[in-house]
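Next comes just one chain, in structure tokens: the form predicted on its own.
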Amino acid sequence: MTPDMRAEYGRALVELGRANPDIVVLGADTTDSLKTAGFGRKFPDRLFNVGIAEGNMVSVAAGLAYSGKIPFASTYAIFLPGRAVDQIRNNVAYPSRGAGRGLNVKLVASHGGLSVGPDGGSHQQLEDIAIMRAIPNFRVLVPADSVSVYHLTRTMAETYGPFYMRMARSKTDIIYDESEDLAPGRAVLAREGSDCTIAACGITLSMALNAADALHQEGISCRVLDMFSVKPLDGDSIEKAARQTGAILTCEEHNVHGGMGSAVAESVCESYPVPVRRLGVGDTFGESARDSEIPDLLEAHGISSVNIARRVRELRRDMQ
């Protein structure tokens, strides 16, 4: 276990702010929770807490970007994009400066998915990936661990254009080392395999790797892809996996409709059709769970290494 995603996000922002005076950070009464308050202590003139006014936060970020700044605007996923999709679409994605498509705004949300736990179904954001990948000009990232968050925060700062990055509230297993090269639009081959592919993102990548280990003991070789870049999607890696392994199971902490799994299924359908099964939250809302009960909550919705392995077995049986 490592410092959580938010801690690494905050650390990256301080380093970026030290190197680039155009980096600014915005919050919506969540700067302590999102771990961006440290940026404000270092650079008090470049942190803007707009209060519980998420739409306004996005609009202010758009104005700062239009003025040449590089704004990172952060709050919980249920509020971003939940409350601010109009401002995101019309104030960030739609306008352009010069050759750039969209404004140079970085939206970073925490508390995505069921693992928010005690906040319950009203705050367990399960639709944000579907919303954000449908908005033109946005790139959508769902990192699997805190190392990924650190690297992708730096990448967003160095790459022009609007980004949405979704972080989990809970601490996560470390998967990558500091030397990992993570680039939007390029999946990571986390494990080789020939019998089936598991495409995962966010906290489900660790589950997918554990499932692949268990299936290996049964003689089933599973390729595992980290599809942290939901948009742009790495269609080449998906097509290669379809051709070489013959079937794909996707898993994510998101509504099964419209998320990463849907993006993968669309890509496979258009490139090299093979059986695809999507594992995620059914067409429903979550429910409250104490922190100690979050694994049980995820399991209740089928999001676990045990269920991933079971679904791979079922998929292979269906192919025979």
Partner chain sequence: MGSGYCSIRRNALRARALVVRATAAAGSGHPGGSFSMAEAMGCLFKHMRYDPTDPLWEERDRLILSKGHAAPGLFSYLAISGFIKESEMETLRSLGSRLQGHPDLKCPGVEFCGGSLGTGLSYSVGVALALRLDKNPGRVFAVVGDGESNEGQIWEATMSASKFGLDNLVVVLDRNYVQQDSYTEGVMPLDAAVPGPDPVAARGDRSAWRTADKWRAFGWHTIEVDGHRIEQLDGALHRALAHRGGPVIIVSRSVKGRGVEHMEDNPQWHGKAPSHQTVPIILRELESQAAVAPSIIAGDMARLDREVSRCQEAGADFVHLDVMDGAFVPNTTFDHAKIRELRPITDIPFDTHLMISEPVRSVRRYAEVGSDIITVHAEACDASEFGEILDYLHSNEVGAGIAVNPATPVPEWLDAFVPKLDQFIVMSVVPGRSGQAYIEESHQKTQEVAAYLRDRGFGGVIEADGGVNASNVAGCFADGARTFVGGSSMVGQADMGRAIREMRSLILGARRLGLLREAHRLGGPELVEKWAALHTVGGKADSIREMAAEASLL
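Numbering follows the first chain given and starts at 1. What you see is a predicted model; the values in this text were computed from it and never measured.
Not pictured, yet referred to below: the form predicted in complex with the partner chain.
The partner chain in the predicted bound form is approached by Y66, whose closest heavy atom lies within 4.5 angstroms of it. Using a 4.5 angstroms threshold between heavy atoms, S59 counts as touching the partner chain in the predicted bound form. Contact check for N91: a heavy atom falls within 4.5 Å of the partner chain in the predicted bound form. Put simply, R278 is far from the partner chain in the predicted bound form: not one heavy atom of it is within 4.5 Å. Annotation: in the predicted bound form, residues R46, A53 and Q87 each come within 4.5 Å of the partner chain through at least one heavy atom. A heavy atom within 4.5 Å of the partner chain in the predicted bound form is found for one listed residue only; from G185, G82, P95, G121, this is P95. Residue-level contacts in the predicted bound form: of A157, I131, L103, I175, one residue has a heavy atom within 4.5 Å of the partner chain, and it is L103.
Remark: of stretches 228 to 236, 67 to 75, 140 to 148, 241 to 249, the one touching the partner chain in the predicted bound form is 67 to 75 (heavy atom within 4.5 Å).
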